[in-house]
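A single chain, nothing else alongside it, follows as structure tokens in the form predicted alone.
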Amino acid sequence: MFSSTFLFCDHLTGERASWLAAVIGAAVGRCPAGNPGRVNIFLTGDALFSLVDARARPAWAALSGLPSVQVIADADELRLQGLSLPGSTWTPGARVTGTGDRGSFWGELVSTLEREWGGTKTAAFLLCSSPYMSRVPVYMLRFLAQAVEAGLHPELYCYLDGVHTLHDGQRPSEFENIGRGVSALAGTAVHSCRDPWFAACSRCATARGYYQMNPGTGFCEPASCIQDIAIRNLKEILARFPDRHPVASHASGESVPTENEKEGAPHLVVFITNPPYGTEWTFGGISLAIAAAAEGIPTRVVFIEDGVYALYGTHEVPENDRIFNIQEMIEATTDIDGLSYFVHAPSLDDRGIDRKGGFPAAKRVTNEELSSILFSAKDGSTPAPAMRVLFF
């Protein structure tokens, strides 16, 4: 049996709600009678609009109809979005929490994760979105503040545009100051004897000008950075992943075996959901997956939704364009131990496309097969691994 929790903060499409419902429904259906798995789906921010979106409502209704599944909505963000009064257009079974207490939604999320990762002393957030352009950094602060209040050590991993949180001298006129919030959070954690571990990926920080070569010393040094976040190699950040603690993100999940099955380091599933070149999401997600596998973390990469375009056609990068060829990147890493590639067959079918030449590097998987990847069962005497799930 398993216990699973998902968090969605960004726009959640009807397509994602649909395949989530199919995948979770298949996993619950495989559980022994009278002993179903438990699934909690926490929704905040723009993900809340999916509750009233006619394209997503059937999927939420199907999930809410399962006795072992809970859909939990953030009341404060509902009011902000103009969705504060549930009515006939709402998804039946969705539960609202947080009314009158901003921390209760995040407190319930932290307590749920703490319960699933029994004995954990840490809670982490992988931040990939920049302050002010996105509201996700605000959610990061609320999540980690509740972690500290629960007696856990807060960890922050800044990646991709999340490294803009480093910037010193932030002075937004209309928004919550994220840099000041991180510093205050670090101070609160130290005073509570909960050591913070805040880090930013050195590659991402260098690309954005926060890690520069000092001509005098010959070494790279932080530039215009707050002191509370250290710039570290991605390898150092991923060295935290074998520990058994929750890692939340803008779109994330986990599946933790229950009872006597809580053994071993968690595995990793990375969903690639964006087209290959318009943003850094696909390159960043695959890079993280490759680095994780190189560190000995069993990792599966699933191309799904618009991410399937990474496998379509034949990509040819112009000579004057400094960008990685995603298809060559995949093909060059298929021999890495512990790294596997998959492509979601329904996503291909919905778009009327298929993989380039079959692209054998990525195996086609149905919703049922994807369910088996996310919610692994015991194989004979081998315990089922805990799974971390990250969306890019």
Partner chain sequence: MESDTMEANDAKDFTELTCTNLMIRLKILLNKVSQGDVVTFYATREQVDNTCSPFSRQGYQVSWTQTAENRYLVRIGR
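Positions refer to the first chain, counted from 1. A quick note: this is a predicted structure, and the numbers were derived from the prediction, not measured.
Another form exists, predicted together with its partner chain; not displayed. Remarks below refer to it.
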message: On the criterion of a non-hydrogen atom at 4.5 angstroms or closer, are T217, A332 and I336 all touching its partner chain in the predicted complex?
response: yes
task: Please name which of the stretches 270 to 278, 118 to 126, 229 to 237, 169 to 177 has residues with heavy atoms lying within 4.5 Å of its partner chain in the predicted complex.
output: 229 to 237
field: in the predicted complex, D349 touching its partner chain (heavy atom, 4.5 Å)
entry: no
query: With the cut-off set at 4.5 Å between non-hydrogen atoms, does S252 touch its partner chain in the predicted complex?
result: no
message: Can you tell me whether R203 touches its partner chain? I mean in the predicted complex, with a 4.5 angstroms heavy atom cut-off.
response: yes
field: Non-hydrogen atom contact Q146 with its partner chain in the predicted complex at 4.5 angstroms
entry: no
Sole residue of V110, I290, V256, I72 within 4.5 Å of its partner chain in the predicted complex, by heavy atom: I290
Interface residue in the predicted complex among F283, F241, Y210, Y309, criterion: non-hydrogen atom within 4.5 angstroms of its partner chain: F283
